[in-house]
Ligand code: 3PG
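Next comes just one chain, in structure tokens: the form predicted on its own.
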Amino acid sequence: MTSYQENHDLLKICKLAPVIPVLVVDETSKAVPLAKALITGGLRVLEVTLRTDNALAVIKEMVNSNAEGIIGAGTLLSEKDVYAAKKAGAKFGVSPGATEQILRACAEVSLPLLPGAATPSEVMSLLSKGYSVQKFFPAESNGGVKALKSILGPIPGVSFCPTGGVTPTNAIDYLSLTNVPCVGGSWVAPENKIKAADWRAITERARSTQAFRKPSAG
């Protein structure tokens, strides 16, 4: 698979739901009930960030126990992270930026990547390598909706998943843009709700995001 084909497949994944929950999970025992709570609420695509010691084990548990879920690994910062995420069963990877090492490793193991970009030059550089689906990060700090609207004019061939400062209040503004198939957000399953095992609240938050769904995705 070429980087373009892998990235193109990722666009299909991004269109499955309006929000990709960005998850920070430390306790492996919370993996399966958390994934089920989110999937029950209509969010099948989940990003587990590699920010905790047990993140890879959490990914493995989710992958093995939730057939309907599409589990990705976030915060990929090195080749080692890419290889470990693939071994854990991640179906896609997310990086806050992009390095040649990460791009090469993802291509080597056929892990579809959502690489981070924050400027037109970074967007163009990734597009030249075949990455037509990118993570706009950190979204709010880099101009938010206005910035993405400005990028759409000269670079219409790139779709973005904005992450960083995206909330229930501004998510619908991002999703109104034609170059935004989905957004990434931590509010759906915040750490305090996960630690409290408040699965009902997380399911309700997931269900509430369906109001953001684009009409064409229904």
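Predicted model, so just to flag it, every value in this text is computed and none were measured. Residue numbers run from 1 along the displayed sequence.
Same protein, other form: the form predicted together with the ligand, not shown, and the subject of what follows.
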ask   = Which of these residues, 179, 66, 186, 52, gets a heavy atom within 4.5 Å of the ligand in the model of the complex?
value = 186
note = Exactly one of 175, 166, 151, 31 comes within 4.5 Å of the ligand in the model of the complex through a heavy atom, and that residue is 166
key: the ligand contact in the model of the complex: residue 137, any heavy atom under 4.5 Å   = yes
message = Since only the chain is shown here, I'm wondering whether residue 22 would be in contact with the ligand in the model of the complex (any heavy atom pair within 4.5 Å).
response = yes
request  = With the ligand left out here, work out from 79-87, 101-109, 115-123, 129-137 which stretch has heavy atoms within 4.5 Å of it in the model of the complex.
outcome  = 129-137
key: in the model of the complex: members of 63-100 within 4.5 Å of the ligand, any heavy atom   = none
